[in-house]
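We begin with a single chain expressed as structure tokens, specifically the form predicted on its own.
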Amino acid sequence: MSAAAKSVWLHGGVITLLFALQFVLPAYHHGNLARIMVLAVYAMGYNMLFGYTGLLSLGHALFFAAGMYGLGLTIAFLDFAPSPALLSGIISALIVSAVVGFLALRTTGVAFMIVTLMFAQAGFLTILLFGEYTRGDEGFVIQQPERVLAGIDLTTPGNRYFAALILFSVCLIITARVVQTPFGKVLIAIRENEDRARMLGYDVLRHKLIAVIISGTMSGAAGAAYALLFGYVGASFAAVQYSIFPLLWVLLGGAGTTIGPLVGTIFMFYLIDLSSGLTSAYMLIAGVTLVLLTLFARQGLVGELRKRALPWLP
């Protein structure tokens, strides 16, 4: 069987497994997995930029928040139905990522990282500044009648899980497809040796900008979906830690792998969940575990599996 066929079976198997789990998981883990799938989409968006293009961003919370507030504010103040509000959130993230990409890509390396962080901080402070509308750190709740999409009540656990699964599946397929196209191959070439890619005649800046837009839009879709499925919009999702989280999830799962973001998100989510049940110093346990993984599994869980046993893993 070819590597491409194995990749198709792998992605299909992951989606099928997630679909089957909704019928056997207890309520607590059922709700957790729905949340994890949405956050994994956020991590997949980050992986497109960091894992495949080699651009380290510390400002992805801006895109997540753009999607979240693009949906939440249009519902709260413009009386949008969920469908156009969801589209508004995605378009908001697309526009923000295009502007940020156009400006931030004038820099490289550490400067790019700092500029993206500053953009995210500016977005966070803007949310606080307009607290009359955004409700700042307190945030606001999206009520149950405003979370009915195409006649489907997304406040029920089953519908919420299925909606999260659809979003995850679409984004996983898009990611798997993009990285197999010539465009995706160029992104990997830029990651490995940007100067050589430029010497071969590729428009490096254009490819990077498109990567930022794809990454930001996918992250914004996760933010909009999170607000719609879980009914809350708040400034905490635009804070610095929400720019760090996807980086950790991708590093843990395996940068530059299609299923690494999901694996990393599950691992980090349950590491904190389980350790917090043992001690109030749960972040110490999480920190030590992350350091050990960084030292002994430098390519992440899926990356190490690909390196040591399954070289065909996408």
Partner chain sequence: MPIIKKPSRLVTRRSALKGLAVGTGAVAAAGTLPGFVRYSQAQSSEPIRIGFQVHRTGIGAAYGRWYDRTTQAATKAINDAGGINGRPVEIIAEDDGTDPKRGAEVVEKFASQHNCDLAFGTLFSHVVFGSAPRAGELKIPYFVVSEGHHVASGKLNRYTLQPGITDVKSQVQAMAPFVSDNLGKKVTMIYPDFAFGHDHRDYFSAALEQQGGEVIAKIAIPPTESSFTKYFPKIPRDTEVIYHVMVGPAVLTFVKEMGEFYGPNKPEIFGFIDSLEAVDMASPGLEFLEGSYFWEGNPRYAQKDQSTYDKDYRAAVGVDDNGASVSDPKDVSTYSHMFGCWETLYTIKDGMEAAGYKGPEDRTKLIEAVESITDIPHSAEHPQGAKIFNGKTHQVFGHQYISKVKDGKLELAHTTSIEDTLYDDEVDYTTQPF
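Keep in mind the model is a prediction, meaning the values are calculated, not measured. Numbering follows the first chain given and starts at 1.
Another form exists, predicted together with its partner chain; not displayed. Remarks below refer to it.
Asker: With its partner chain left out of view, choose which of L39, A66, L49, V250 has a non-hydrogen atom within 4.5 angstroms of it in the predicted complex.
Answerer: It is L39 that has a heavy atom within 4.5 Å of the partner.
Asker: Counting only non-hydrogen atoms and a 4.5 angstroms cut-off, does S236 reach its partner chain in the predicted complex?
Answerer: Taking the distances in the predicted complex, the answer for S236 is yes, it comes within 4.5 Å of its partner chain.
Asker: Is Q143 near its partner chain? Define near as a heavy atom within 4.5 Å, in the predicted complex.
Answerer: Yes, contact at 4.5 Å.
Asker: Would N159 count as touching its partner chain in the predicted complex under a 4.5 Å heavy atom rule?
Answerer: Output for N159 is no: heavy atoms all beyond 4.5 Å of its partner chain.
Asker: Using the partner position in the predicted complex, report whether P84 sits within 4.5 Å of its partner chain, counting heavy atoms only.
Answerer: Outside the cut-off, so no.
Asker: Using a 4.5 Å heavy atom cut-off, which stretch among 88 to 96, 223 to 231, 163 to 171, 75 to 83 contacts its partner chain in the predicted complex?
Answerer: Of the stretches listed, the one contacting the partner is 223 to 231.
Asker: In the predicted complex, which residues of 28 to 49 put a heavy atom within 4.5 Å of its partner chain?
Answerer: Sequence-ordered list: Y28, H29, G31, N32, R35, L39.
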